[in-house]
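Next up: just one chain, as structure tokens, the form predicted on its own.
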């Protein structure tokens, strides 16, 4: 963050630890912007901070446990620096509320997913010695434009790539997921509000925007649906690339598939969460599509764009999943040949329907199935990466690579590419030839270069 212009005696430092998804990362960026108006500036050191905030995730038990472990470490820091203020926000805060204060006395305030823009008021009360729990869910209309304009009036340079939230919450109520409880029911920002933030980002140097939402492609506000919003964003000057995450298969239709062909900025890359290859497990998950319809969605994209990359989410060891049903998931992986998977062992989340299901699987069974899945997917990725050797790709440079005289960037298909070149800089758009395939990345040589930053 930029240097403070105010009297240095009044400058305060904030450290924010972020857990979980891209939406949490986005919320953290907004916290920094809100706190900057309160004369707080970012530090990368917990020891230097006057304020520490944990922006939490409760989608899996492991992420939740990390939060309490971190609070234990911060307790020691506060014992030698009693003026330090500690806050817990995000999904764990929304879910646990007062229980966090009971469990960890070093915490000064707890705030939910609707309340991050109330940070200034909360901090004033904390400074007066009050203990704050602010997890009240606001009416959806009040949070429709859940990014107030003041929070991005002076958008800082977020880098070549930036996230932009367009929906919040979810109405799907999948049996394994806590999002409807922690983020609330679905609400879409008004398109004018979104476009204003996107314009400020591109004016500040951002060249790739990734739209965010728990069910991003169900977006609809003021008569504008998701495809129309993509069209409007595509018209922005200086926007080179547009992506989105995380969609739901039920809202992936022909109009959206066509947009991948007709919109120059929309990258040839799609995330389509499958979760399981078994129709019975999908019903128990409350996903409400079948493998037949999922295959149809994949064909809808690949018929138009055979070169499009496809990623997915998969859960193994869901309650009651048999060996045969796990094999159905593996068959789907071998048939569809995803470019990337985000795979997890099923984790029981309190308050969800699946937590009450019988037939929970043993941890060693889930671990074994996850290992089989990862090994199979690893071979698929290696084969697909090797097939790209010799191809010509467009790469948007993100910056220097850790190797000397090397840079790194992403293709439109979202492959990570390393290039031996010391001259290209972040924002350069390169035409490259792929020369090598590693397990999780590609190597390339430059054919031509253009600078896309104005």
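Numbering follows the first chain given and starts at 1. If you're wondering where the values come from, they're calculated on a predicted model, not measured in any experiment.
One more form of this protein, predicted in complex with 5'-deoxyadenosine, exists but is not displayed; see below.
Asker: Would residue 177 show up as a contact with 5'-deoxyadenosine in the predicted bound form if we use heavy atoms at 4.5 Å?
Answerer: Heavy-atom contact with 5'-deoxyadenosine at 4.5 Å: present for residue 177.
Asker: Flag residue 315 as yes or no: does it have a non-hydrogen atom within 4.5 angstroms of any non-hydrogen atom of 5'-deoxyadenosine in the predicted bound form?
Answerer: Result yes; residue 315 sits at the interface with 5'-deoxyadenosine in the predicted bound form.
Asker: Counting only non-hydrogen atoms and a 4.5 angstroms cut-off, does residue 418 reach 5'-deoxyadenosine in the predicted bound form?
Answerer: Close contact is absent here: in the predicted bound form, residue 418 is far from 5'-deoxyadenosine, nothing within 4.5 Å, heavy atoms only.
Asker: So, residue 244 and 5'-deoxyadenosine: in the predicted bound form, are they within 4.5 Å at any heavy atom pair?
Answerer: Because no heavy atom of residue 244 falls inside 4.5 Å of 5'-deoxyadenosine in the predicted bound form, the answer is no.
Asker: Can you say which of 57-65, 25-33, 406-414, 382-390 gets within 4.5 Å of 5'-deoxyadenosine in the predicted bound form, counting heavy atoms only?
Answerer: Comparing against 5'-deoxyadenosine in the predicted bound form, the contact stretch is 57-65.
Asker: Could you check which residue among 109, 326, 219, 346 gets a heavy atom within 4.5 Å of 5'-deoxyadenosine in the predicted bound form?
Answerer: Contact residue from the list: 346.
Asker: Could you spot which one of 309, 202, 94, 275 gets a heavy atom to within 4.5 Å of 5'-deoxyadenosine in the predicted bound form?
Answerer: It is 275 that has a heavy atom within 4.5 Å of the partner.
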